[in-house]
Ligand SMILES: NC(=O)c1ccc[n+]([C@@H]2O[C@H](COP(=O)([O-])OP(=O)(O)OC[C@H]3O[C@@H](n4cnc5c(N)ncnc54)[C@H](OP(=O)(O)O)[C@@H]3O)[C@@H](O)[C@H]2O)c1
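As a starting point, one isolated chain is supplied in structure tokens, in the form predicted on its own.
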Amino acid sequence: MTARKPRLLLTGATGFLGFSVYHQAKEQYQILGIGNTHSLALPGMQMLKLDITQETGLRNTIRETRPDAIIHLAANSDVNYCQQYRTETDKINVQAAINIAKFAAELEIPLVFTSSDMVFDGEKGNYTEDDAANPINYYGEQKLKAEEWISKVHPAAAICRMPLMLGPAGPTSKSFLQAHLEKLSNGEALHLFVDEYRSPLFSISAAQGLLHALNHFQGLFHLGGSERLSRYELGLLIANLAQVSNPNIVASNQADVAMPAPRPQDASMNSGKAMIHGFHPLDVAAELALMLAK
């Protein structure tokens, strides 16, 4: 008799990162994908249409499906939108995350929650888990509030702070990489910040890290890439690997662009703790080269 695959409840299953998690998890897990805006018909995943901001429906779904594990990805990650529509985005970025943690804890279900490098003010960079969080935009405040509550209601949960991510497009979503490649191939000007540093991570490594966290992490971990790159440096790397001759990449500063939400200038993260515990991301150039070669 074939053993039953464990059930993984995956919120945000139709999103950019969700699609990568699906691909990495489908052989090991029976995936219960939660989506509200889009629906996907994919082998190995049962789609559940659910608005996770509705507490009763969320509770009933978790109790009825009794998953063996939960990865909570769903969020409104548009930093400018969150800055402008705080009450609306609190419902998914804070309250839904707390409710998922609460219901998972009641049933003793392992949980991975994805937070963000936006919890930092960007004054020092190379942040470790021991550094104080001090968000300068509202999205960062939301993620930090969710972190604090989840650690209280579900202490065994893994809270994974994620960096700037890029990778292959899914059926219903994509990363900034696709827009960059399109502009570069068309010779359009690509204005990129020289004074915003991150720890970019390819979505495949991110997905592998989150699945590893289910069985090996408890508490707070950084899942960033191994390199500290500015947006401008990352753009040059993308152009080089895509073999774009004379790329029209224009160096700019954060101050050049009026945005509702301020951004930290150096939100790079030190992910040494996660790497000691088995997180092994490829560098962005290696993964991007593999993707472009396909």
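Since this is a predicted model, take the numbers as computed values, not measurements. The numbering used is simple: start at 1 and walk along the sequence shown.
Below, we turn to the form predicted together with the ligand, even though it does not appear here.
Only one of 199, 115, 142, 205 lies close to the ligand in the predicted bound form, with a heavy atom inside 4.5 Å, and it is 115. Put simply, of 119, 73, 111, 150 only one has a heavy atom within 4.5 Å of the ligand in the predicted bound form, and it is 73. Taking the partner from the other structure, the ligand in the predicted bound form has a heavy atom within 4.5 Å of a heavy atom of residue 163. Proximity of residue 50 to the ligand in the predicted bound form: non-hydrogen atoms within 4.5 Å are present. Contact check for residue 230: no non-hydrogen atom falls within 4.5 Å of the ligand in the predicted bound form.
Although the partner is absent from this view, residue 281 stays clear of the ligand in the predicted bound form, with no non-hydrogen atom inside 4.5 angstroms. In plain terms, the part of the chain that comes close to the ligand in the predicted bound form, with a heavy atom within 4.5 Å, is 155-163 out of 101-109, 155-163, 183-191, 121-129.
Along 185-220, not one residue places a heavy atom within 4.5 Å of the ligand in the predicted bound form.
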